[in-house]
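One chain follows as structure tokens, the form predicted alone.
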Amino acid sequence: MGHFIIVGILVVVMAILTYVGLDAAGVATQMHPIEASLQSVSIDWLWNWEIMAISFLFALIVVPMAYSMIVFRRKKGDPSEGEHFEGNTTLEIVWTVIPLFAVLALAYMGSYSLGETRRVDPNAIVIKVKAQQFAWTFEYPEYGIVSNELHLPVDQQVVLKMESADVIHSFWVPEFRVKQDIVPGPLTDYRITPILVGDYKVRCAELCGASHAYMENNVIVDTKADYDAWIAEQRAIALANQTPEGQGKLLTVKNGCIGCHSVDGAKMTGPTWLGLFGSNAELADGTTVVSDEAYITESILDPKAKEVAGFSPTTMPPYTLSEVEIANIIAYLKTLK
């Protein structure tokens, strides 16, 4: 019995030291970014309990093994055989029942955390999210706003209705903890309740193509007053953008064009739009073409018809746009000088 007491004390001590060591190394809590959503609190709580369970199981294996190797090792000059055991029914029942209850307890904790993560607020704000290579687009249907930044009010649940235009993407804001894949075809719901005002980044966490690493957009959690002010500002901009140029700019945001084309000359996976209209474009076959209405229209409808040198083979998908929409986009490109 004395050995069991000693081993039990050593297991407890080792488990505590292991957890403290993991916590000091950042594995338990500090390795995570800040908790910026209500869901992250529940997820981190479950993670912390799992680290404690892992620390205890590690001690429960290592301590008896090390203790037995030291205390019950064969003594020098002792040729006798060790005591023979046929089994211990009580011990077998104990190490079956206790792990069973432990598994059930962890299952309950996991179910509780999942329930808290997916809890539905009937007053949640609805925002549509479109993912495509290699950009995110956010639409606020209640206000008629389309943006490449995601603004969220603090302490208010938001449900993102997400869809993919091409391949599998994955919506991930590390500070929110919850990560959700977006599969082409069906709409995917993502519920989150921000609790900390600040600026964050949404990243695609599913390899989706050559520029996957650059598929990130700003996520801003505002106070209620700042959120309302941003909505009012964006509504005013939307009303002002009723011109062909404004409608064209809105189309480029809504269709994710800015994920590959810059408007300031920056190098991206597609040619920059700055100074594009009217310029001479060198093609992959060595010829040159003027970037006029006909060429831009053809490039939108059939991107592979005339590939620009240095940007082939192109990954741009063909778009189905009306003549008016294409004309509006060209009107917008004319303003980028």
Partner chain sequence: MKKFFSTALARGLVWQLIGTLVGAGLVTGIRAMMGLSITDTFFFTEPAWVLGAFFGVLFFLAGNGSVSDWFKWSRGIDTPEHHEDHYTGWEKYLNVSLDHKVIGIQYTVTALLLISIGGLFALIFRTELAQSQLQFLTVDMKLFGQNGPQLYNTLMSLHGMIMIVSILLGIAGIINYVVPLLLGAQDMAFPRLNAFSFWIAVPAAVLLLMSLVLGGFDTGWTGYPPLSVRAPVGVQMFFLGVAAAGWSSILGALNVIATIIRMRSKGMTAMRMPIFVWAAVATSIIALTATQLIGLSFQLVMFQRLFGMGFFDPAKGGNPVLFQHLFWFYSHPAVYVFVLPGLGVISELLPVFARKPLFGYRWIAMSSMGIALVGFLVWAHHMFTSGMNEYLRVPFMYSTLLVAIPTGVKFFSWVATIWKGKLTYPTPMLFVLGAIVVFLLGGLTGPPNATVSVDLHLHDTYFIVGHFHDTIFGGFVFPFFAALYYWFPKATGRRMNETLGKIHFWLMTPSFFVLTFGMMQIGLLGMRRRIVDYDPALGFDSTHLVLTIAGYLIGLSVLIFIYNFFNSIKNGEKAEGNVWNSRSPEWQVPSPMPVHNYDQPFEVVGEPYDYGLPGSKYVEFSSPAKSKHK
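All values derive from a computational prediction rather than experimental measurement. We call the rigid core whatever largest set of C-alpha positions still superposes within 1.5 Å between the two forms. Positions refer to the first chain, counted from 1.
The same protein also has a form predicted together with the partner chain, omitted here; what follows describes it.
Every residue in the set Leu91, Val178 and Lys267 has a non-hydrogen atom no more than 4.5 Å from the partner chain in the predicted complex. The shortest heavy atom separation between Gly77 and the partner chain in the predicted complex exceeds 4.5 Å.
Contact between Val11 and the partner chain in the predicted complex is not found at the 4.5 Å heavy atom cutoff. The partner chain in the predicted complex comes within 4.5 Å of a heavy atom belonging to Val7.
Although the partner is absent from this view, Gly198 stays clear of the partner chain in the predicted complex, with no non-hydrogen atom inside 4.5 angstroms. With the partner chain left out of view, the stretch that reaches within 4.5 Å of it through heavy atoms in the predicted complex is, among 245-253, 223-231, 122-130, 101-109, 101-109. Of the candidates Leu46, Leu38, Leu276, Ile296, Leu46 is the one whose heavy atoms come within 4.5 Å of the partner chain in the predicted complex; the others do not. Residues Lys201, Arg203, Cys204, Ala205, Glu206, Leu207, Cys208, Gly209 are the members of 191-209 with a non-hydrogen atom no more than 4.5 angstroms from the partner chain in the predicted complex. After superposition on the rigid core, displacement of the C-alpha of Tyr143 between the shown form and the other one stays below 2 Å. Relative to the superposed rigid core, Ile326 undergoes a CA displacement smaller than 2 Å between the shown form and the other one.
Val94: CA moves 2 Å or more between the shown form and the other one after rigid-core fitting.
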